[in-house]
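For reference, the chain that follows is the form predicted alone, supplied as C-alpha cells.
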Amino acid sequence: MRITSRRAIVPLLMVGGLLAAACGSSSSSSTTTTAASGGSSGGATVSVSTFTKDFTTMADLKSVTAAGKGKVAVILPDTVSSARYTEFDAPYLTKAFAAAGLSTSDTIIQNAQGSDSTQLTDAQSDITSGATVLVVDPLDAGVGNSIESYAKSHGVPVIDYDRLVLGGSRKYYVSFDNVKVGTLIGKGMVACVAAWKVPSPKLAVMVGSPTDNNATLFAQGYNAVLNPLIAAGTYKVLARPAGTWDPPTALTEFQQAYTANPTMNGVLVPNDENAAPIISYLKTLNIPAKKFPVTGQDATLIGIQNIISGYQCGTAYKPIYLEAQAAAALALYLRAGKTPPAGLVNGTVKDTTANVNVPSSLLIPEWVTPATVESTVVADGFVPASQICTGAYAADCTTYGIH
C-alpha cells in the first residue's frame, strides 16, 4: 500500500483460507474461513490466488458481467494521503472492469479529493445516475457510515475497499491482511539486525496515526514479533513515539527520541515515507549504510532506493493490481445478484462495533529486500527500474541485477 495517511478505522483481522493467522496478541480473534455458497455461475474458478498482473482472470467474469444490470461506481478518497489512488487504483480498477466486459458507460471511478462532503455527494449522485453497486474507500468512518446508510436505504450494496468502516453495513470488504503487513515489518527488522550484525539492538518503535486502526493492526503484527525478543532481553525498545502518518512530524518524533536515547541503533517505521526523512537525518549524522536498521511499507520509489543503498531493511509491498481485481470481481457478482465463489471471499474481518464478521477478500503482502526488487516491484511495473537506477543508485542496481 502506498498509503501514508490512514484515518479510517479498521478492525481486527480473522483471516482464513490462504492467509496465515496472526499470532501473539491478546486481542487476536480466532481464525475463520468464509465458505461462500453458489459459484455455479460464470467465474466459479476466480479466487484471490488466480489474479495476475496481466488481468486475464477478469475475462472469466464476462458471463457474470453480462448477467448484471446498472452501473458500478468506485469512490476513492484523496490524492494527498497517497499517490496510489491516481497512479494505481484508478487505472487498475478501470482495466479490471474493462477486461471483464463492463462498458465504460457502466463504470464510474471518482476521487473525493479529501472531502467528506464530496465523497457523500458522489455516492448519492452515482445512485441517482443508476449505480447498483458502490465500491468505497472511505476518508473516515463517519462519511463511510453515511454513505452506507444512504446506499442501504436505496437498496444498493457497498463494498468497503481497503478500509473497513466500523458499524457500517457493507456487503463485503477487500484489503490486504494488515496484521500480516505488520508481521512482515517485524520479521524484516529482525532479519536485518542479524544480516547487518547490529549488536544489542536498541530500537525506537514508530507507529502510524493513533486514530487509524490500520496502524493498530500493523502494530499488532510487529509487536507479536518483537515482544518475545524484548521479554528475553535480546532486544530493547528505548522509545515509542505517539505516532503519525505525516513525514515531517515523524522526523520530529524520531529526532526527539534519538536525542534522548543516543545509544539507539535501529528504528522500526511502518511506512517508507515516514522512514525517508529519518534516513536523511541519519545520513547527516554520518551513520553509514547497513549500520542502523530502518523498516518501511508501500514500496515507494524513495523506499526502494533506500533499500538498495543499504539504509532501509526492506518494505512491505502490497500489489494493488490484486486488490483492484478482487474489488471489481466482487462488484460484478453483486451487480448480477450472484454469490461469489469461496475462493474470492476467502476470510472474514471483525467489525467490532457492529459485532459482525464481514465476508472479505484478503490479499497477501510481500516483503521486498534488495535481492527481490527486480522480481517484485520492477516486474510488476510498480516502480520502474528507469526511475530507481538514477545517479548514485545505478551502481546499486547493477549489484542487485535491477534493470
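Numbering starts at 1 and follows the sequence shown. No experiment lies behind these values; they were computed from the predicted model shown.
Beyond the structure shown, there is the form predicted together with beta-D-galactopyranose, which is absent from this document and is the topic of what follows.
- This chain appears without its partner; in the predicted bound form, the one residue of Gln325, Asn271, Gln312, Gln119 with a heavy atom within 4.5 Å of beta-D-galactopyranose is Asn271.
- Contact with beta-D-galactopyranose in the predicted bound form, defined as a heavy atom within 4.5 Å, holds for exactly one of Tyr92, Tyr172, Phe254, Tyr85, namely Tyr85.
- Judged by heavy atoms within 4.5 Å of beta-D-galactopyranose in the predicted bound form, the contact stretch among the candidates 155 to 163, 120 to 128, 226 to 234, 303 to 311 is 155 to 163.
- Contact with beta-D-galactopyranose in the predicted bound form holds for all three of Asn214, Gln297 and Lys318, each having a heavy atom within 4.5 Å.
- Heavy atoms of Phe292 never reach within 4.5 Å of beta-D-galactopyranose in the predicted bound form, leaving it off the interface.
- A residue is said to contact a partner when one of its heavy atoms sits within 4.5 Å of a partner heavy atom; Trp245 meets this definition for beta-D-galactopyranose in the predicted bound form.
- Heavy atoms of Phe218 reach within 4.5 Å of beta-D-galactopyranose in the predicted bound form, making it an interface residue.
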